[in-house]
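What follows is one chain in structure tokens, specifically the form predicted on its own.
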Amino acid sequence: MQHPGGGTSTRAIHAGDTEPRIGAPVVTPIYPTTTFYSDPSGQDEVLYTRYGNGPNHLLLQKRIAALEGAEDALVLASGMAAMAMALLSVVQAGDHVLATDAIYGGTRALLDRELSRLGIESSYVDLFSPEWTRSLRPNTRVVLGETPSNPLLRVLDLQPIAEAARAHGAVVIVDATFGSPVHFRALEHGADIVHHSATKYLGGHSDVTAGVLAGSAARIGEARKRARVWGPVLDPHAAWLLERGIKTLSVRMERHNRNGMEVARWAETRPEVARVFYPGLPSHPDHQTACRVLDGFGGMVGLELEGGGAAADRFVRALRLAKLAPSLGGVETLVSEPRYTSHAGMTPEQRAANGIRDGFIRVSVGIEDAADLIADLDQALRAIGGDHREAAD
């Protein structure tokens, strides 16, 4: 059955559905099998779970493609697996990747530690500077962006970047994990391949690890070829969990948006907070761009505390409702210090140069009642002040 038209919620629930028949299950069953009966004539494609073409995979890929406005999509075992397959489908020894300097720490490690071993060179550039094109090289095959970025929530104006990259003959890959297809569909802004860590907003319940790619049939076909060799298949049960999570994506994002804005506005009033990072606030450097290119500002909020790293450590220990844990995008509020998690591989000087100081707290605002979240954050901030007074005494 072809995916329905209409809005995002309709596609998230129904895209890729099979033709209805009496007695068929409404919810997709889990197919926990490694292999399937083959066509004795050899004309039909071999179905094999390691190939990622079982029923759970195929339906999920159609649904993601519909959400992104893509010809095809690919689901894999993690966001890092998806990023690796996207890059390996384009570059080879002797090629160059030009990446945003605001890239996720795990992706930076992939570029610097692993692809470099294969003879693929990477360098980093400020994609917010109009001078970034000077860093293009004759062998630049990929321009790699991330928007909104982790953890500063910087929002790229992707269209002119994509046009410049395409004129150079480079493929544009964009990590849009923080936006989700509800808020930002990178293909509409010129990207060739869009990437998500589906562990985050797409799954939405902190119970599945997965990654997805979407793009043209040709681009995703190349990534699929690599995945069949490298083997980062998503198991059928995880695919089923991801499909279930995507069904509620739109309604979850509505609450993430509302809670994120309330928390960000509240945080701006607090003297303990030196700076709030949220693209929905006029104080954010990319607010105007975000208003133009995003369909929602999301649930990610960055807080830089006045007291630096010591204050951040006291703050996270004092939390009662929010959970101190890495990852993001779940229904529960998660708080982390990027210096210990996503950007632990960078030196303090490197982090500071990228705007991530030791007092930085990343808040993945969940879908709890906003008043309860703010009350918890408030008491944690007051606990910082109490620790200061005890130290002074």
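Predicted, not measured: the structure shown is a model, and the values here were computed from it. Residue indices: 1-based, along the sequence shown.
As for the form predicted together with a small molecule, it is not shown, yet the points below apply to it.
Proximity to the small molecule in the predicted complex, taken as heavy atoms within 4.5 Å, picks out 170 to 178 from the listed stretches 257 to 265, 151 to 159, 170 to 178, 239 to 247.
The shortest heavy atom separation between Ser78 and the small molecule in the predicted complex is within 4.5 Å.
Within 4.5 Å of some heavy atom of the small molecule in the predicted complex lies at least one heavy atom of Glu146. Interface membership of Phe315, defined by any non-hydrogen atom within 4.5 Å of the small molecule in the predicted complex, is ruled out.
Proximity of Leu328 to the small molecule in the predicted complex falls within the 4.5 Å heavy atom cutoff. For the candidate spot formed by Tyr104, Thr199 and Ala210, every residue has a non-hydrogen atom within 4.5 angstroms of the small molecule in the predicted complex.
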